[in-house]
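Single chain ahead, written as structure tokens, the form predicted on its own.
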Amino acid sequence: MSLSPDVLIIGGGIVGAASAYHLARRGADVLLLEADQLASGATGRNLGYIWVHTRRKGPELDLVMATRTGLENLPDELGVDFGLRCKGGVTYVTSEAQAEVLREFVVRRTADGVPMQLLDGDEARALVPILPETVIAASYCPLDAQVDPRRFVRAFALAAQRHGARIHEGTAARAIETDGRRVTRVQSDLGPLTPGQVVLAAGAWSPAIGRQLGLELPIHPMRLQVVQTEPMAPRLEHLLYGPAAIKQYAIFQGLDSFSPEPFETDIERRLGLALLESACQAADGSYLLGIAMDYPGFDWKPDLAGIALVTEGMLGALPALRGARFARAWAGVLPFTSDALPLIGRPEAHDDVIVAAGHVFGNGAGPTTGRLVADLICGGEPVLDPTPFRPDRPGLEHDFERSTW
């Protein structure tokens, strides 16, 4: 095995795997190192949403739409079934104050060119029978899609390997040595490596690695907690968000009709965590319910408060799940930046390093990021203008405690 690959990728989530695929497809000699297992970090610990519904017009929406366009053809391109379902997503509300905000939101989305329908309560229940009578309105976006996130990553990784990439799990990059603007050596569990280019795609762990390069990357960690039920009969084809999730999104916060009070809940105040009210049904029939959000640093374990928030909150929102049996719960550490855009590009101080990290919506943005990384390394017209994602762009905050998506 060559210890001098053209490109060394550090991190085996969706960004690293997609980068490996697009680079190898263009003829680069690629080596990817994942310290644990592929998709063991944020990518493999979420609900699998590819969510167009609330992506803001501009670089955020562009990044996801470049993935969403042609998504139906991606299983054939990669040669792997990763559980893709393109049934759309629904955001429901239960009060008139919430519905006023939702109506303005649908008008804004339509003006942005995002297909969106405003449904009344009966129309929402006809589309999503699991919704209760308390739902009085909903927005429906047909572009929202669902994947099995672990299989999604492995699909890209397997396709990358077919194009010659080498992928090593349980193999860490231990130390990075530099001389001026260039990386001279990477000490790894495989031995010393002398790559031509290094792609830093380690999610929330990227700042710790970046410090070895003299970089202070403004990427912050948040904990997300998810509850999974035992399998049940299929009843839910769409992705769901409820009112408590709405207040998390900048696109709602910027509406004239928005105020946070109608979307706040007693249980969030009581338990001290935010609820990203969400639900979907996996291919095996189990429900994935979420999401408890807080900021304890790199804490991977769910706690009783988080599980209580999700179970009590979602039982109140969707009483049809009252008979569901608990299967398991888990937590993930999700990276975020102060403007909700990832860092993608070359840091000013280095000629042979690309940062590709900080994705708060990685399922949707990761595949396009992989294409953009390949464009930056291999040349040619980039799939998107990389300027809005520059790691050194103005306005990014290094001291930032809470996320807005």
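Numbering starts at 1 and runs along the sequence shown. In this text the structure is predicted, and so the values were computed from the model without any measurement.
Just so you know, the form predicted in complex with a small molecule exists too; it's not on screen, but the next bit is about it.
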With the partner omitted here, the residue among 135, 183, 226, 236 that in the predicted bound form has a heavy atom within 4.5 Å of the small molecule is 226
Note: exactly one of 198, 202, 160, 314 sits with a heavy atom within 4.5 Å of the small molecule in the predicted bound form, namely 202
Since the partner isn't included here, can you check whether the small molecule sits close to all of 99, 258 and 268 in the predicted bound form (heavy atom within 4.5 Å for each)?
no
Using 4.5 Å between non-hydrogen atoms, is residue 36 touching the small molecule in the predicted bound form? yes
| said: At 4.5 Å between heavy atoms, is residue 362 in contact with the small molecule in the predicted bound form? | reply: yes
Residue 43 within 4.5 Å of the small molecule in the predicted bound form, heavy atoms: yes
Next on the checklist: At 4.5 Å between heavy atoms, is residue 286 in contact with the small molecule in the predicted bound form?
Outcome noted: no
Within 4.5 Å of the small molecule in the predicted bound form by heavy atoms, the stretch out of 23-31, 43-51, 347-355, 370-378 is 43-51
